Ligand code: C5P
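Here you get one chain, nothing else, as structure tokens; it is the form predicted on its own.
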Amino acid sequence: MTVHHQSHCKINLLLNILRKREDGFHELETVMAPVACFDELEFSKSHAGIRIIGNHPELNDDPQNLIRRAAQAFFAETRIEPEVHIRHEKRLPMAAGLGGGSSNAAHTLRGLNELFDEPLASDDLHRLAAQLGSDINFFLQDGPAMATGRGEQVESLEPFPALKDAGLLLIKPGFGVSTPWAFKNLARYPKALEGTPGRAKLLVELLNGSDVGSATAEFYNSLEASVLPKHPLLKIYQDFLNEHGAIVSLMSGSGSTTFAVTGSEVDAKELGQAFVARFGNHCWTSATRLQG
């Protein structure tokens, strides 16, 4: 038996940091939407422990690889003998703010649970995901969501009417941004570090209307305060996207990916072509639909 999963990524329509907690994490509220760009994961039973084979050899044997850590957590929780072969086709960029690694971890938990006849209930999967990382719980479901706490408390949402048929352009330059660095340097920007609670609910309310234009001012990312001064190229990209038809542009997560929401997938493709014509093809780009 083989189980196949498409491990999708996400964007943050809003990422509002509220404070730094005593445990070292940051209290936050965020609104996330799934994106139809994928890594591929395939799971099959074997007799070789946990074996990971993929197109990024440096990830296969890395003990901190989230796929391996998720598999270890699954087998420890279920007390099933760890005998699995995992094939990983990495297509999403890394250090991008798109949650690719978190998605891989969540889909590993989901895939192994399916492969071994569902030994874990949904609550068990969510508990394991929260132990592995803050964004992983989001990827245990497939729709948009609002998350609070450090990101592990997830409230699934219905697709937003204001984003129906919307397109999305993703742009990842040739550099990444370290998430710990972005959060650490937020201390230099107290206004961004201590955001106003309630912005996530407000954005959700506006997106549940029919006019995305009424919501554009509420798209927000606290981490831009620390990241954009170090990487002003991202602001240049945003300005270009806004001047060439984007409804809104924003950095996703801790970056370095910048995204543009457009009226349609066709608009996203045309905006991507204009971007490449202006800046060249040195960035990873993807024009797709927004599953918000």
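Note that residue numbering follows the sequence shown and begins at 1. Owing to the predicted nature of the structure, the values given are computational and were not obtained by experimental measurement.
One more form of this protein should be noted, the form predicted together with the ligand, which is absent from this view; the next part is about it.
Checking 265-273, 6-14, 279-287, 19-27 against the ligand in the predicted complex, the stretch whose residues place heavy atoms within 4.5 Å of it is 19-27.
Taking non-hydrogen atoms only, F183 approaches the ligand to within 4.5 angstroms in the predicted complex. In the predicted complex, no heavy atom of Q141 sits within 4.5 Å of the ligand. Contact check for G133: a heavy atom falls within 4.5 Å of the ligand in the predicted complex. Though the partner is left out of this view, T179 does reach within 4.5 Å of the ligand in the predicted complex, counting heavy atoms only. Contact with the ligand in the predicted complex, judged by any heavy atom within 4.5 Å, is made by just one of K90, H126, R150, H85: R150.
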